[in-house]
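Next up is one chain by itself, shown in structure tokens, the form predicted on its own.
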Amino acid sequence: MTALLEVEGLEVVYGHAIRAIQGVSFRVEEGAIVGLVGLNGAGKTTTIRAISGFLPTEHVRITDGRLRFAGRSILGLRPYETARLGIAVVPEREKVFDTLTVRENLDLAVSAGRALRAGAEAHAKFHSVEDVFALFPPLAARAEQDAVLLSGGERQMLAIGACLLGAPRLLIVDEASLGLAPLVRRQVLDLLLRLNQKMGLTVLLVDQDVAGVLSIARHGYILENGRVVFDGPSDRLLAHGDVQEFYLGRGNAGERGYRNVKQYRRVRRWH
């Protein structure tokens, strides 16, 4: 399949010496769900910020690598430029405007979406607030309430709905499961799967929930300390011994997660 997003040899440096991202490479094929997973501090959010144009900043810069979207370089583009190309990001935090109602949040997204859709009309599936309410009935029931009153799952729905109004070709979701109860987390993952299957939406799912992400992703990449240490089809990753032991807490020695292991050595890189 055609690669919609290609990241090759990405390197990001904090300050003058700390390499937060060290030669990261991965691809997201059009129409697929791809997982970029790892523990807190692995470099996931920094990678997203590089892709979406929020780097460089005063203290962080991209020092090497290539970023390509739909066949063109996006290295050095600003966030509004990547958004116009069709990259939408649901951030880890500050997902919605708390002081606005649910409807007002979506009205704002409609206005922004009109500008973004100038060159992306073919990818527009959602044009109005009512389109989003049809997809998310819980939001319709709370349309006139301030967003600050929403549950974690409803906030995630609102953030995803707002992004959909911008007609994205690629939806990047950062920490979709953060702070959510297991049942709600499953509902959010199932929603993303449904958007992918019924609408062909391409999704890059970035999360610490390795098992959850790989349950819906076609392909997965595991980050550790700014490097991709494992990658492959999701079913093969879930069956891999190191992944089971260090990320899923399974193994011959009983329950033993990555956080509980003081020292370990990778037996091989996964391909």
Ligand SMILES: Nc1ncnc2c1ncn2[C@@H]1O[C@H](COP(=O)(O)OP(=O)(O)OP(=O)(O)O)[C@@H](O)[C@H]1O
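From 1 onward, residues are counted along the sequence shown. Nothing here was measured: the structure is a model prediction, and the numbers come from that model.
Omitted from view is the form predicted in complex with the ligand, to which the following refers.
In the predicted complex, every residue of the candidate spot (41, 46 and 92) has a heavy atom lying within 4.5 Å of the ligand. Listed stretches are 65-73, 33-41, 240-248, 214-222; the contact stretch with the ligand in the predicted complex is 33-41, by a heavy atom cutoff of 4.5 Å. The ligand in the predicted complex is approached by residue 175, whose closest heavy atom lies within 4.5 angstroms of it. Taking the ligand as positioned in the predicted complex, the only residue of 195-209 that brings a heavy atom within 4.5 Å of it is 208.
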